[in-house]
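A single chain comes next, written as structure tokens; it is the form predicted alone.
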């Protein structure tokens, strides 16, 4: 009698399931799929991309670009005619952002299709460490299982319980994208990255802006000279900034919103944007079913391999906190994928992660600030290039801003790069590439002896390097 062969059934539906399709989830899913793993992705929204594509990075930067071009047009002497464009409405520029979002969704959907990653739409919650219950948009349920699960659910705007976000004139940084009326006056509470970016956008549209900051200066994690430049630019544009304030309560009225501050001040506007902090999207995951616990802001703790306290569950992106950047989240996803496939992790995030802040003008930095170098007693010097002296900036009529290089007085090693002005987030990467060089390659003299295209904004590096060398004695 011939023994029948028994086919071995897979223990789980997939090798890995990734919850969330933002940058972190995409990075993990693509690495795992390209490594031969069977992968599924769970997305609660009807399209891939996560908050980055639909509510955060992409729409806000598309809005900023449109407003910035409008400002350039209106300030360019070539167009100082009676028919000059006076302005655009928020709803008009949202149409451009919507087009960019559609293109990004098509692109990213193609990534999943080409790599055979199955996408399930629905809300995921843990049943146990290997099983997820998925709730369809129609309310039906089903179970999916995997050997490994990656949490990449991102974050959402923090909403204090006593603020009525159902009021038609009170928004957070997600719902502001549904703004339909054209405000004449907006109060923005929270002067972090998101608050400052939206303050730039609305002021560029001619809206009166009151920016309320809970700290004593704008963007205190940035180099003080650069953040002071932004503060001056905001003030010079007619924006009102109130530092060191906390709100008592927010009163919604038929004709607008009144902000009551703990200092006793009151402010009124016809639109209010709350932009003070974010919360990790973990409350819907039923983490208690697997023994995981998020902190008060919904964030999870992970080890150096992005592994939670549960061996087969990993987490990446905003849901683990710092640095909460789309660029870093994608790298975290790939690194988590590597740890899952190889069992260890050779790579890591770079030490000096660049920061790009898309205000008008932009700000960007990488490396140490002057304040950090002073506190560490590192002997440094400063080299500066003012954009107003660069031919390319004069041609483009974008002369506001500067590049600052911080370098070691003795070794000429570049320690920090800080840029304020149009295209700052692009310009900073030139210096970043040199900072990453080993064996003496990170040296200020590179910029002195390199020939740059002329006229370009990149030429600012040569100007700043020569300026810095002239300070040595």
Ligand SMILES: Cc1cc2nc3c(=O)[nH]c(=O)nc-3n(C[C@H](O)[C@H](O)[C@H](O)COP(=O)(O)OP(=O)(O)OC[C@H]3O[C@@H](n4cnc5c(N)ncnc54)[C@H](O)[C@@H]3O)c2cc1C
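The structure displayed is predicted, hence computed values, not measured ones. Numbering follows the first chain given and starts at 1.
One more form of this protein, predicted in complex with the named molecule, exists but is not displayed; see below.
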(request) Indicate whether the named molecule has at least one heavy atom within 4.5 Å of a heavy atom of residue 338 in the predicted bound form. (result) no
(request) Check whether residue 329 has any heavy atom within 4.5 Å of a heavy atom of the named molecule in the predicted bound form, and answer yes or no. (result) yes
(message) I'd like to know if residue 45 sits close to the named molecule in the predicted bound form, meaning any non-hydrogen atom pair within 4.5 angstroms.
(response) yes
(message) Whether residue 17 contacts the named molecule in the predicted bound form should be assessed with a 4.5 Å heavy atom distance threshold; does it?
(response) no
(request) Tell me, out of 229, 359, 155, 402, which residue has a non-hydrogen atom within 4.5 angstroms of the named molecule in the predicted bound form. (result) 155
(message) Looking at 253-261, 70-78, 360-368, 116-124, which stretch has residues with any non-hydrogen atom within 4.5 Å of the named molecule in the predicted bound form?
(response) 116-124
(message) Only counting heavy atoms and a 4.5 Å limit, does any residue of 190-209 reach the named molecule in the predicted bound form, and if so which ones?
(response) 194, 197, 198
